[in-house]
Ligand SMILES: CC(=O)N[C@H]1[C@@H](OP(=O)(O)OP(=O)(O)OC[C@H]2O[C@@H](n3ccc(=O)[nH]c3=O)[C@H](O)[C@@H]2O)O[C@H](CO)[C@@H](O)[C@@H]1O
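There is one chain below, alone, in structure tokens, taken in the form predicted alone.
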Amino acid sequence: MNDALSTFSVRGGRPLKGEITVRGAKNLVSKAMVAALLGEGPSVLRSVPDIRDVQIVGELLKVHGVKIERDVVGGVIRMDPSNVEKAHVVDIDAHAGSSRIPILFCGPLLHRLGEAIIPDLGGCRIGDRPINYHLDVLRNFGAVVDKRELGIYITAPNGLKGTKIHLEYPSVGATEQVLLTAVRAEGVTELTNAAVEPEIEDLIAVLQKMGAIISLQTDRTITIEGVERLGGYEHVALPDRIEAASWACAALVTQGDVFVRGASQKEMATFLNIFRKVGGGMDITEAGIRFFHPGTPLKAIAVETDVHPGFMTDWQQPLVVALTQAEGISIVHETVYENRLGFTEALNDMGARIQVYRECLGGSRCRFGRRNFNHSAVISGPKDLHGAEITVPDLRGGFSYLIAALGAEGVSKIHGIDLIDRGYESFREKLTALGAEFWED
């Protein structure tokens, strides 16, 4: 990465004030685009954000023969999969970069073409996210996995058959893989201990519009009855609850007042409870949510991340920055990704006081408790933050550094800012709208 093109300087200490808009959730939009491969007719997805991940999936669909028409300003993408074709692994690799999204193409491509090819996969380095889970899922459906020099070739010589799958952990990615594969597999698939995040429910809604038969039980069991064919869909993506929460935390850290148009109370209920416990102010309307610092001291809390309906792991990093400004000792217990607290070292360099521990500090013991991972944090506050030179570690950690820089005295220089484009639409324009002072070096 060329630092000259990706370095961002921020002069902090100015409250963020104004209005910004969030569109469709990154964690749904990319998967709904992949789902279009399963249809025999065109699909239309609305409220699509202009982010790097959408560009990547669009290019991958194109190399597989899908016709793409995109209205970036209007947030609409039209996908016609009438002429799906095989793609070369080199082309897939060139467009995928470090994205893990190609693994989710496998089920749909096996149904459409009888084979799928994926290159070596990257992604944010925040924990153990092996693709073996995905490959095992595909094998359960009858796929044959062949690891070759340039990547992994997957075929289904006898077609894909419905199966029973139990997830040891309710992984979002594995649940998406099952859904995208099972909807056209022969027979019935039963998935137990499935992820039930709002983005999963929205993906189920997309697939149901296409003609899939899917039922979600209250005990995390999803049953899918395979069908012979699927059509296209028209769908409005649910709003991005991660981006909305990130701007909410930025309002707290900068003692600002931000109206997030498009933010939805239903999907953010768990975050809103924590935000209120910390002492943040909010006004919830049909159009969006106003987040503001009330002018009184913020309060220390204890919180642990968990799968939905628990406190989302992607909310943890921006919240940690906000907790550096709270009075007292806060405890954060990360139970989803074992290495997601590594970003706190740079916050300490900016004046925060955060200690990380291997032990489970929180309400319960988690699967990382007997392993050598620093997955609990103790945050002492309030601490004045000061500008520093920092490097973006991953998407959510990167935006959290940006929040810290906005609340810090002086100038911060952030390297690798391009990574934030993967999940935060037009964040530079939004910073300008909120009165932030920044420049690209």
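The numbering used is simple: start at 1 and walk along the sequence shown. None of the values given here were measured: they were computed from a predicted structure.
Although it is not shown, the form predicted in complex with the named molecule is what the next lines describe.
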Residue (of V172, I204, C366, A300) lying close to the named molecule in the predicted bound form, criterion heavy atoms within 4.5 Å:
V172
Heavy atom within 4.5 Å of the named molecule in the predicted bound form, from candidates V196, L230, V278, I101, belongs to I101
Taking heavy atoms and a 4.5 Å cut-off, does R340 contact the named molecule in the predicted bound form?
yes
Heavy atoms within 4.5 Å of the named molecule in the predicted bound form: does Y133 have any?
yes
Residue-level contact is defined here as any heavy atom of the residue lying within 4.5 Å of the named molecule in the predicted bound form; does V336 satisfy this criterion?
yes
Hey, in the predicted bound form, is S412 touching the named molecule, heavy atoms inside 4.5 Å?
no
Since the chain is shown here on its own, which stretch among 204-212, 266-274, 308-316, 107-115 would lie within 4.5 Å of the named molecule in the predicted bound form, judged by heavy atoms?
308-316
Across 27-43, the residues having a non-hydrogen atom within 4.5 Å of the named molecule in the predicted bound form turn out to be N27, K31
